[in-house]
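As structure tokens, one chain now follows by itself in the form predicted on its own.
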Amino acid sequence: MDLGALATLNAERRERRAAILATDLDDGRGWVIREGDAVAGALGEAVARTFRSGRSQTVEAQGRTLFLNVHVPPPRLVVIGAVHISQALAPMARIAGFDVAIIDPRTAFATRERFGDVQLDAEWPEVVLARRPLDAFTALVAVTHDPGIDDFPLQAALAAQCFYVGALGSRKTHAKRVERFLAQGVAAGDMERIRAPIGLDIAASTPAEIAVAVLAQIVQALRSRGPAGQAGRSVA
């Protein structure tokens, strides 16, 4: 492997950014394609599919046989609020392959008895996210119903281009959230990225059912990152 390509690839991985090491199987030449790089034609289509699926593959493009070795950061789920929905969502998300963290400054809720060995921070989101910043391969779910806890991480998730941003609450609650955020300088286009009400529309009613709806919407967003990632109806 070319040492320059290896250094570039390792730098992208350290920063939790997706990249592909493309290798020409005919002559062994290799180069790095970052997610978002402009790649035209059939190769561009194959690169986009590879980034979305997270699966390396061999493709025929531009008259060459290429191996696309994709490196995608493991997806993270950060849940703001140690509530009943979170108790159901955390183990399901871990089974689905997500690194999960629960953040809630309310120590009566954020307890080991309720969340076992899930990463749990009984601190304010501002403090935790300063240590572990959000990124494009993180989903953020805010479920406390308390603007004093939820608002900062929601705005941080929009700024970090998290692939999924969801907030619990009714349409009336979200309308008030929109008013607050716009007054604080959040762009109207960014507000459209918040899934609220949260979760796919499966008529969920119990905390566990809502957790299923939310996780399904998160997976949908992960596997259709980009403009198509905004598809999907919400429920809770």
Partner chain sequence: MVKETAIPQLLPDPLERAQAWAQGGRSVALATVIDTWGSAPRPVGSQLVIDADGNFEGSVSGGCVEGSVVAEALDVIASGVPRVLEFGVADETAWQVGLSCGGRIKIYVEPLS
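Residue numbers count along the first chain shown, from 1. Quick caveat: nothing in here was measured; it's all calculated off a predicted structure.
Keep in mind that the form predicted together with its partner chain is missing from the display, and what follows is about it.
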Which one, 162-170, 70-78, 134-142, 147-155, holds residues whose non-hydrogen atoms are within 4.5 Å of its partner chain in the predicted bound form? 70-78
Indicate whether its partner chain has at least one heavy atom within 4.5 Å of a heavy atom of D117 in the predicted bound form. yes
Can you tell me whether G36 touches its partner chain? I mean in the predicted bound form, with a 4.5 angstroms heavy atom cut-off. no
In the predicted bound form, does V127 have a heavy atom within 4.5 Å of its partner chain? no
Consider Q220 of the chain shown here, and say whether it contacts its partner chain in the predicted bound form, taking contact as heavy atoms within 4.5 Å. no
Hey, which residues along 73-98 are within 4.5 angstroms of its partner chain in the predicted bound form, non-hydrogen atoms only? P74, R76, P91, R94, I95, G97, F98
In the predicted bound form the CA atoms of T50 and I95, compared with here and shifted by at least 3 Å, lie farther
With a shift of at least 3 angstroms, figure out whether the C-alpha spacing between D99 and R16 grows or shrinks in the predicted bound form: closer or farther? closer
